[in-house]
Ligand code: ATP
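Just one chain is shown here, as structure tokens, and it is the form predicted alone.
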Amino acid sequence: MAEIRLEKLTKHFDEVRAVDGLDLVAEHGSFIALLGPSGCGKTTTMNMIAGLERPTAGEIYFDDFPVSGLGPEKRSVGFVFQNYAIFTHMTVYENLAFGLRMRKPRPPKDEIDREVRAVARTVGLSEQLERRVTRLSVNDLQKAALGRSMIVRPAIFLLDEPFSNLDASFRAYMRAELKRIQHEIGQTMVYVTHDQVEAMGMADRIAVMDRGQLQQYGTPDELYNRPENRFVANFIGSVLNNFLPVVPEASGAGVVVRVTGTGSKPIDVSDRKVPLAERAGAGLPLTLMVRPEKVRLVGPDADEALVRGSITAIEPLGATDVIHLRLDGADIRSVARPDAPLRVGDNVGIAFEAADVHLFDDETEHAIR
């Protein structure tokens, strides 16, 4: 395994800055995810780590050794692609053995056989070794691709959306399997995905990217509970998050905010008094974000109700329902149990804790701590 360090890594394609001054460290044996929408620069970053693209500027280090001038064959990198990249005219056994057979000097036949069977057990292909890969399911094809890269024991594993072609249930299974395998073999892994569920479920740390720039790099818990800016807050979450316009007000020795245009009760955010003091004096607007799972629906006249709204739609998701509500001039979502006695058209009170509120500067979109 190896540590990866990116310093001011930059890649231009003509006038397009695909990656712009990226600083990032993946520690020995860690599992990190590069997460972001299409075109954010995550795959270009991975291609530069692999040696498939040359940086325009900046440097890539493996264990303090600069590798930007090295070809991919000299980097000890294993690459698993979305499209499998395996030999269709070979059996599973031959695909797994290929990397070892190409080594010089070639390992003894019995050693290759031991390694192939060990890797096949790890990825769950022991019963498929003699099959041609053309007879494998899509799920097993990706297992074969993973095993073929794993068997040569690269210092670093790079995975470019490898599960995007799998069915939903098997994708969830493979996420757990890949995390288990990574812990078992202890290799540094970099995983590219646009799916925040994959990133949150597998990675030790996640680099959220947008338009070639790093927006935040942290643990899943940090991204969820302490987003650095509005982009990260919006991107992380399984249900579309709630953003509401608010105005801060001085209140005694503290600060409160009220949801604009709804006659809302004050929400005490005095823990953020210092950065809010000037805005409260001037009445400068902010944006409040609260996650749907933190929103409670109560009686419209309940003491804890901060605002009132009406239910416009109920979206069943199996274990939970997403409740869509309309306020005066704004929409909001809540997550409820399927057995909750709620119907479209109901008037309800909407409550949430001040500790679950995130505030963002409307001009910079940065979080106000």
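The first residue of the shown sequence is 1; numbering continues from there. Quantities reported herein were computed from a predicted structural model and do not represent experimental measurements.
As for the form predicted in complex with the named molecule, it is not shown, yet the points below apply to it.
- Contact between G69 and the named molecule in the model of the complex is not found at the 4.5 Å heavy atom cutoff.
- The named molecule in the model of the complex comes within 4.5 Å of a heavy atom belonging to G41.
- In the model of the complex, no heavy atom of L9 sits within 4.5 Å of the named molecule.
- At least one heavy atom of E161 is located within 4.5 Å of the named molecule in the model of the complex.
- Considering the named molecule in the model of the complex, the lone stretch of 58-66, 315-323, 31-39, 298-306 in range is 31-39 [heavy atom distance within 4.5 Å].
- Taking a 4.5 Å heavy atom cutoff to the named molecule in the model of the complex, the contacting residues in 4-33 are F13, V16, A18.
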